[in-house]
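Next up: a single chain in structure tokens, the form predicted alone.
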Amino acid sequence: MRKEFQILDDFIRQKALRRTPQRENVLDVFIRVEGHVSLDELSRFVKKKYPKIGYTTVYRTMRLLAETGLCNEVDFGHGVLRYEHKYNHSHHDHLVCKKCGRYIEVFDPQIEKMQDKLAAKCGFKPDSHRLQIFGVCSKCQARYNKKSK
């Protein structure tokens, strides 16, 4: 059994929830999708492989997977919640373009050290964090600069 399925199974048992094949099927599809996937996108992928699984089941399962720590819920400010892998994936932050919606994943150990230092200075013990910087990407800046000339 893959570790992700074991984590889900342990969590379900701990919370005294029902173990269903539908939850495992959604996890099966999610594991194969890389990047930041919306519920609509994931639901379409799930429907292709498991036609009897509906949107609500996908929604509830993804909320459950977020609780287990298998994925993160990410909001890039466009009103669409997205999910990304957390388990066995390096922590990263995001730069988000407010014009086109593009996002850039940022892996920076210095940022992590600064956040740890800040938390320690304040006597705070973090268990998670998210850093999202919103602005305008280089492509949109170039487009704007061409229009203004």
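Definition used throughout: the rigid core is the maximal C-alpha set that superposes within 1.5 Å between two forms. Predicted model only: the values in this text are computed from it and were never measured. Quick note: we count residues from 1 along the sequence shown, nothing fancier.
There is another form of this protein, the form predicted together with a further copy of the same chain, and it is not shown here; the text below is about that form.
Relative to a further copy of the same chain in the model of the complex, residues Leu95, Lys125 and Ser138 are all within 4.5 Å by at least one heavy atom. a further copy of the same chain in the model of the complex comes within 4.5 Å of a heavy atom belonging to Gln110. For the chain shown alone, His129 is a contact residue for a further copy of the same chain in the model of the complex, at least one non-hydrogen atom being within 4.5 angstroms. a further copy of the same chain is not drawn, but in the model of the complex it has no heavy atom within 4.5 Å of Thr56.
a further copy of the same chain in the model of the complex is approached by Gln115, whose closest heavy atom lies within 4.5 angstroms of it. Annotated contact segment (heavy atom within 4.5 Å of a further copy of the same chain in the model of the complex): 116-124, selected among 116-124, 27-35, 61-69, 40-48.
Contacts with a further copy of the same chain in the model of the complex, taken as any heavy atom within 4.5 Å, map within 47-78 to Asp75, Phe76, Gly77. Core-superposed comparison between this form and the one not shown: the Cα of Arg13 travels less than 2 Å. For Gly69, a C-alpha deviation below 2 angstroms is recorded between this form and the one not shown after rigid-core alignment.
Relative to the shown form, the Cα atoms of Pro126 and Arg13 move apart by 3 Å or more in the model of the complex.
The distance between the CA atoms of Arg102 and Arg32 is at least 3 Å shorter in the model of the complex than in the form shown here.
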